[in-house]
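Just one chain follows, in the form predicted alone, and it is written as structure tokens.
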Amino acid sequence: MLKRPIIMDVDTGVDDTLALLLVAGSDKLDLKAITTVFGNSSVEDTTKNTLKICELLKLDVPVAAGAYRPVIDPPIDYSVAPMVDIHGRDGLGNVGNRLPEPVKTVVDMPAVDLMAKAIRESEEKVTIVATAPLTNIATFIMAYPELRSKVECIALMGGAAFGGNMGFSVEANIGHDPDAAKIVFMSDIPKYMFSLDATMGCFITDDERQAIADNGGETGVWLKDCMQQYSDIYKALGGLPGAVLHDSLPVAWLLDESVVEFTHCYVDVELKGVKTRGCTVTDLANYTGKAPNTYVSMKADREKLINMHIEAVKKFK
């Protein structure tokens, strides 16, 4: 069976970890490389977390560290950033110390160069799965314009047609680097935006977390515990039954397109609004008359998504 070549661009926290579980548990994807970026934690922490998760999930692929800050905005002050309360001080639900220090190391090249190398050497077009601020992706587009045609699409977790989770109209991955997001959305590479409109329905209950533990041996138990604080926050602040697995949705779609329903429309990124900088302005009614440039997720099959995680973790029992 022909596997779909992908690159994962991550800021490994809890939900990135679950997305990587789906990759590791599938025989449909050919993971060429993983690149890291700031976001849920500093790039130093997201890179270390990524190396740990690669060893946990037996992902033997090159990893490269990328951007430590947005293109223009100041670096994030992680001493006060709210992400540390959501993902834990270590980015892994405060249980990262239960994993051994990684033996695996990063390759000796920047993330965008590894991305370019993997895409250039691939016989097939490569899908970029971005579950983090889009700084690395924007830099790649600007630095390697000749490789755009070798990118099948960018499947990005971020944005929202309605609402936000960083502000009332701004989603965090876009809000952490709006200028980079603008570059990506204005590019001619096909884009699939896995927005909060769909991902907020992708919660995992306590019973479903227990099923991951029951079906995944020690790895499953660790994954269940990794989601504990993340789940508690969503219950307390969001009124949801459990943690929301935002970053799993683009990977799940690559494995089974029926998991997500899209609408095709024009999306732009607001850069000048005082309260709306980073808003993904989604023209669902074709008010602008501009040609659609993005497939926007509007609905997801939560039960199918959760079952995919339970099946994936069985590989590690």
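Being a predicted model, the structure only gives us computed values, none of them experimental. In this text, residue numbers run from 1 along the sequence as written.
This protein has a second form, the form predicted together with a small molecule, left out of what is shown; the following refers to that one.
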Choose from 170-178, 93-101, 210-218, 185-193 the stretch whose residues reach within 4.5 Å of the small molecule in the model of the complex, heavy atoms counted.
-> 170-178
What is the one choice in 165, 139, 231, 127 with a heavy atom within 4.5 Å of the small molecule in the model of the complex?
-> 165
Listed residue that, although the small molecule is not shown, lies within 4.5 Å of it in the model of the complex (heavy atoms), from 157, 114, 223, 154 | 157
Examine residue 135 and determine whether its closest non-hydrogen atom to the small molecule in the model of the complex is within 4.5 angstroms.
-> no
Counting only non-hydrogen atoms and a 4.5 angstroms cut-off, does residue 40 reach the small molecule in the model of the complex?
-> yes
